[in-house]
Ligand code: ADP
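Just the one chain here, laid out as structure tokens, in the form predicted alone.
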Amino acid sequence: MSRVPTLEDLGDVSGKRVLVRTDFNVPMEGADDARIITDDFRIRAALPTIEWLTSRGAHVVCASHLGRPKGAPVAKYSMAPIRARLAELAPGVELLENLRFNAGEEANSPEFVASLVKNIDMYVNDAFGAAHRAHASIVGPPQTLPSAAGRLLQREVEVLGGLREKPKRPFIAVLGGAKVSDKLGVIESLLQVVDSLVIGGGMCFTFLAAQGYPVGASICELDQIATCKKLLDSGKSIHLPEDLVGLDANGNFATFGLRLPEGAKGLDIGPGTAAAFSDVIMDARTVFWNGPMGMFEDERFAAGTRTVAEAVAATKAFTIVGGGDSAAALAQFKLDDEVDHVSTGGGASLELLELGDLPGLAALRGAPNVR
């Protein structure tokens, strides 16, 4: 992967107005006019970049999206609570209103880009979680402004780029989640670089169906069975469940082998599988995990994900968790401080692993200070 410009490539920032694209898409709760931030991690994660700039005399203007307001102002997606928290953490830093209140953000409108860069001297992208979107605030400013990756984005590129280029081996990838179709590209890419692929979650049932096992009423993508069979026949090392946990046809909790009765639904990997997956993880030197092993939000079906999370936390391997539900599971089990790198972008981390680049990174490499 070609080098992405970093903060040092901006040169002298003293007296400059710097637009910093952050990812302040934080969890919130409460009434629309009294929303409260429940976790300010994403705000705090931007502070190293903000402080680097302000300590060198720059005036920082942050910009972020929040939720999915669909191109129009929506009260519950106002940045006001985030602006108040940012003022406490980084006094004097501006924060624009929600970028997605303007339809031009997601449409990458030149007019909206022009409004963003007006009276701005430099641009920094520190929003890895949005770097796979070709939105106005991501790909527009680097067309005309000296630009760089912030510290958060820089770290993501270093860690995830290293997985593609020179991982310590054995390199094991653990994938979960509901659908094979959502991760088919990354599965095919990872199979070219990993030593073993471990598959749980809802997607495992399409693979099991490809092996000829009945999967009952479990989630299964019939149009992906042939693709899964081809992957299984590729000669690559792919670990699948050997037992399952879920509900029988009457809705009662049950443990199954690999043949699910009619009407039964698999909702987690079984204890034998969890132990076997843990053994694979413990023998690795690099582990990438994205996607839960089951419906971990329900305590009845959390054991598989918890066991895998504990193995990822305990192994001496270099461990990367690819954001999204995996990061949420780690936090739920209070293990998020026990891994080497928790990515701030689930979809972005998968796309970077699959394609080796993102629209936001390509835009930075094309900035006027890089050419």
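Computed from a predicted model, the values in this text were never measured in an experiment. The numbering used is simple: start at 1 and walk along the sequence shown.
Keep in mind that the form predicted in complex with this ligand is missing from the display, and what follows is about it.
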**Item:** Of 238, 276, 254, 178, the one that lies within 4.5 Å of this ligand in the predicted bound form (heavy atoms)
**Value:** 178
**Asked** Using a 4.5 Å cut on heavy atoms, which of 295, 93, 210, 247 is close to this ligand in the predicted bound form?
**Response** 295
**Asked** Is it the case that 57, 125 and 152 all touch this ligand in the predicted bound form, with a non-hydrogen atom of each within 4.5 angstroms?
**Response** no
**Message:** If we define contact as a non-hydrogen atom of the residue within 4.5 angstroms of the partner, is residue 290 a contact of this ligand in the predicted bound form?
**Reply:** yes
**Prompt:** Looking in the predicted bound form, any heavy atom of residue 304 within 4.5 Å of this ligand?
**Reply:** no
**Request:** Give a yes/no on whether residue 267 approaches this ligand to within 4.5 Å in the predicted bound form, heavy atoms considered.
**Result:** yes
**Request:** Could you confirm whether residue 202 comes within 4.5 Å of this ligand in the predicted bound form, counting heavy atoms only?
**Result:** yes
**Message:** Partner absent here, but in the predicted bound form, which of 60 to 68, 322 to 330, 44 to 52, 27 to 35 has residues with a heavy atom within 4.5 Å of this ligand?
**Reply:** 322 to 330
